[in-house]
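This document contains two forms of one protein chain, each encoded as structure tokens and listed individually as structure 1 and structure 2.
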Structure 1
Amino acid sequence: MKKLLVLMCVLMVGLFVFSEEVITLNLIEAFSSPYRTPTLNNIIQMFETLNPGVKINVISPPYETAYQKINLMVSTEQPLDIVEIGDWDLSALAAMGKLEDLTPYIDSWPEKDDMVEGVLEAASIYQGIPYLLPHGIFVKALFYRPDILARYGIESYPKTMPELYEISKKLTESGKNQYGFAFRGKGYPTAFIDIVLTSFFDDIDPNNMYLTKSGEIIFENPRAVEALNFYVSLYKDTAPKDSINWGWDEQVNSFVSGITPLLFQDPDTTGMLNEMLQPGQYKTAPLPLGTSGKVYPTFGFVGWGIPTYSEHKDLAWKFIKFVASAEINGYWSKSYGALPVLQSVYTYDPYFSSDLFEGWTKMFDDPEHYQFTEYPLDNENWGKWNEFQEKTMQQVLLGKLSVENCLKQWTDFWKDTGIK
């Protein structure tokens, strides 16, 4: 009897210890912000409530250095189970061979067929393998402040690049700390440069933003000289001088304050603006058309991946698909501002068809003028390009490098990589 009692006590203690065992998943995010990270924490809290015994530890490096932090942690196999991966960092991470192929998980996921067309294909750009499941879509549009424009007698947003310059110039009164355009000088300014530069072309390759349809690298075409000179004039004539050092935070804060009421940004900016501005204080519009009569937006994406060395891959996937479910993806997108990855979210939530999204709706409905193209993200030198383009562009803005020499360096970079 005593032996039986002892055995029962041992079993009860074992059960108690087992019930108290906690599995901790380490998650690192790439786009932390005071408006986004709390939403992620809310979702994590919901997941933990539904999954007792599971805790998620969130690592939130500063936005400007997040890619470097993530790449370092993955390359050195530091404890991680869920990694947020941006489209521009995908190739660098995947090339390490330390991201799990999510094909088996995605193929068995019931909501796979509900994904917005093309999103999963875009996420599989590196060797045709989905190393992440996207949770948000990004396309740049024009944000503008109608109240500030009206103060200067401007009745409409700029519809072309020349109008963007003219209106921005009209708004600029440096003595009153009033400017027009929210320039992006640092922190991955690539897309801002390229939106303007490619708008001077009418023959951009739909599969590669840096090539014409004839296969020529755009930077060696004379139109690129005119385009980059125009871009430089936007900075010199219509933007604060310290915007040469601006990243996302500075851009958006300047827009909110009204100092620069014209801004190119992604839909995730709406989450912050909805908190900081009153309804109607900002609107969105299509990107201004270039001298070609066209502009070339790109689809961006961000999602969650799993390191190959994670000891809790199935549990990590359970969280990833939870975030990607229709209800949670709708909540995430609405709070954070990204465009949802599931078609059903657009159907059941009228928020995503409201006037707030007019800029994107008009671009999606007019493929003749808004011709979507792609970045060469599958090129393993892509990560080097962002840093190189920013560095050389800075030299141009500071007057230390001519536009012509800058474009030659860009051309040589892509020739050396064998771009195609």
Structure 2
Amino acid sequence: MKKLLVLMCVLMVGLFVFSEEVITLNLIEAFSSPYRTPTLNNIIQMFETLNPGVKINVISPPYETAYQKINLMVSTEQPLDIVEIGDWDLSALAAMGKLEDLTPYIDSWPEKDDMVEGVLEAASIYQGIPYLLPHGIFVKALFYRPDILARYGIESYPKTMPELYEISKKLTESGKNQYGFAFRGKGYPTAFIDIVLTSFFDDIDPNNMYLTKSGEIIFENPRAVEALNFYVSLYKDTAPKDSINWGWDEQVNSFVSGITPLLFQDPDTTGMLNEMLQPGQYKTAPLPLGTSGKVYPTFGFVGWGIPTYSEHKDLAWKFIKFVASAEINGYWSKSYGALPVLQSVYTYDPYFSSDLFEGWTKMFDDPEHYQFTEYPLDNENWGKWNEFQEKTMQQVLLGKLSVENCLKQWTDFWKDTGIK
């Protein structure tokens, strides 16, 4: 009995002494989805295999409440080592002062020179400091269904906003539940209305979408009246009435079912569409040009950051660097749908130069007509603006508020914020 006890003690001590310490990193993602989270888990598995003794614990809150959960967790210093941050949330998170400045890490990262031009600068919107390393780029393009268009004798996608209206109207047969444009009415419709609105201008400030180059708020310019009237017509004449209540789910569902074969969306939609539609059943095209002959897309991004209070910052960076490496970034973008952040990925993987990416390729190759601009994301009224714009825009669509009155309210809103 004594011998057995001694043997057990020796074994226990041995296990304690020789067992490798497992470090657990807590990662929270903001854009969880059945199409993306499994890819993230695969990448984590690869990382864990390459780094024995490291375990990554993934927290995947529902997409709708993820920003709130992340904000609260970071503000209350919950154990987190890697945080996913979207462009619209970056300033709010950075303003807390609880995100690590990644400059020293990025400076010593050899692949930084391979990053797509402008992405790192765009990701440094808050006081010029990179608080995250982007892992995906979002730029809206026009998605279209050639099969549905062909049924109506339409051979090509709309190249201008007036054409978008004409084609959409031609497609609209409400009796047959067939419409043209997949309208976005709720859940951050800002990005959609602003694409249409600014396309009526030719002098948008590249640093602020709501200002002209001369510093005037765009909503007080007469061109905005014309643009908003166009937007109302697009809804009334070419989109289902119900779309005033549509978010991403409904938009994409409607596109997949063919009810609305024209859609403005981000590249991450391709992940879902590739699963739900046959090859060739959908294509992408550049955003239609406005009456000004230009259109102003924005450079959206999402990336990983490190909380200042993390106890494993270097290890967290090791993971972030791993995800951003050309091979993993290619796999991640292909599977999930966002555009890769490294230039080399576009050349080594033919998928990113295929027909599916025609919309983005054409826009990137033509900076004269497709002029990238930025939202005032660092303005602390940004969140308030999204809700206000959504409500007032819906009032206009329902005929409860005049176009002129709405634009005045929008102008006043931004004047009150002291926009510059």
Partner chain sequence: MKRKKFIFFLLLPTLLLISFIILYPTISGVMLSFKNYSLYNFQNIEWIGFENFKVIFFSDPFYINTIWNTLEWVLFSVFFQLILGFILALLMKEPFKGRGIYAGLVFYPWAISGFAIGLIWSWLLNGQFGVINDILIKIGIIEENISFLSDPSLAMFSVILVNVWYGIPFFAIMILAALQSVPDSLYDAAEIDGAGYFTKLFNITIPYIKPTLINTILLRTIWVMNFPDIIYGMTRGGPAGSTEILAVKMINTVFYESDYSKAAAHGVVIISILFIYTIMYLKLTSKREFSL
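Numbers given to residues start at 1 and step along the sequence of structure 1. This one's a predicted model, so the numbers in the text were calculated from it and none came from an experiment. For the two forms, the rigid core is made up of the largest set of C-alpha atoms that agree within 1.5 Å on superposition.
Between the first and the second structure, which is the form predicted together with its partner chain?
Answer is structure 2, the other one does not fit.
Superposing the larger rigid part on its C-alpha atoms, how much does the smaller part rotate between structures 1 and 2? Whole degrees, please.
After superposing the larger part, the smaller part appears rotated by 12 degrees.
How much does the C-alpha of L315 move between structures 1 and 2, in Å, when the core is lined up?
After core superposition, the C-alpha of L315 moves 3.6 Å between structures 1 and 2.
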